[in-house]
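One chain comes next, on its own, written out as structure tokens in the form predicted alone.
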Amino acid sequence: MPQRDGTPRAGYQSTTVAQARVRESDVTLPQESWIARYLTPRRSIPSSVYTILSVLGFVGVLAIWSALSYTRLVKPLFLPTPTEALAALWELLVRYGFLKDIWASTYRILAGFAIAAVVGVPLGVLMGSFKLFEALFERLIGVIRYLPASAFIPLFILWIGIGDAQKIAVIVFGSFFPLVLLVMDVAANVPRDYLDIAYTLGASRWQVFWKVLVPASLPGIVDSLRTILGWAWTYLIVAELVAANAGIGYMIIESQRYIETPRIIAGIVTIGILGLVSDTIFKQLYKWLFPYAERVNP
């Protein structure tokens, strides 16, 4: 009951609050199923589970490879065993200076990727920000990106010779045009509300571009660069197809001529490892630069 001055009595107040409050111990929450826990769209999962599943993916591929090769279901000529491929890789490293080939290929990939990024990122941001640049370049780049890089190798040889510049040009050609379109989409998809708020606060057009649109695009740009670097590695064999005397692709092509299947597998695995390393570096860079960006188990 309330007192005469209208305030509730202490005992009445505590009793009312206690009755209104439901103790968590008195409520039986339904047990969440593993389907709801792990198959809910965009819901994170425990880091330990994420790591285990990532490892299991590699283990599964290795198990299938082992089952097919050790049991001779597939002839060794077509699929050597993992131990044979590992032995071939060790022999390449110890006896044939494979580290020089790895460095030659890595240099070409990084050089081609850097050139594509330095030119492609600014152009993509301009195309995604200003319709003038989009109208001028989008259709042209959209057509060129469907042209196979391998078809331009004879022209690159005529124009710039058969040295490293020709191989880097193939990687630039294969990486530049998709990168521009990816970055354009990132810049074009910056929420319009960000720009309108900046205009409302008195920002000029160039202030909106440099201080709102570009910073808001940076996480997506880094993601696009990560994707394109992966594509650049896929152009390595094409780039080293003609007139190469060093590189992983050169080693793979030479091994194919002499039917050295374990060396071919060793070269392919090496490219995969280098690609995984570069992808991991970009993941960590993303987390370091943009800790505020939403990611689910990056």
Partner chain sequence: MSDILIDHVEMMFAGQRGMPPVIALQDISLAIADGEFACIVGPSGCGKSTLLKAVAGLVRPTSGRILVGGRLVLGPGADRGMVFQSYTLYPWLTVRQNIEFGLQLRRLRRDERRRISDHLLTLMGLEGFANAYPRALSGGMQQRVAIARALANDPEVLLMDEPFGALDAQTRTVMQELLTTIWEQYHKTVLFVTHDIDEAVFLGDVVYVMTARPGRIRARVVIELPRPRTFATMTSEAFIKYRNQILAMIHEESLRAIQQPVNKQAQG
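Numbering follows the first chain given and starts at 1. Since this is a predicted model, take the numbers as computed values, not measurements.
Only in words, not in the display: the form predicted in complex with the partner chain, which the text now covers.
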Worksheet item: Among the candidate residues Trp103, Tyr199, Trp90, Tyr96, which is the single one with a non-hydrogen atom no more than 4.5 Å from the partner chain in the predicted complex?
Response: Tyr199
Worksheet entry | Distance check, Trp159 to the partner chain in the predicted complex, heavy atom within 4.5 Å | no
Discussion item. Considering non-hydrogen atoms and a 4.5 Å limit, does the partner chain approach Pro154 in the predicted complex?
Written reply: no
Practice prompt. Answer for Lys211 alone: is it within 4.5 Å of the partner chain in the predicted complex, judged on heavy atom distances?
Written response: yes
Practice prompt. Look up in the predicted complex whether Tyr194 has a non-hydrogen atom within 4.5 angstroms of the partner chain, and give yes or no.
Written response: yes
Practice prompt. Using a 4.5 Å heavy atom cut-off, indicate which stretch of 142-150, 67-75, 106-114, 215-223 touches the partner chain in the predicted complex.
Written response: 215-223
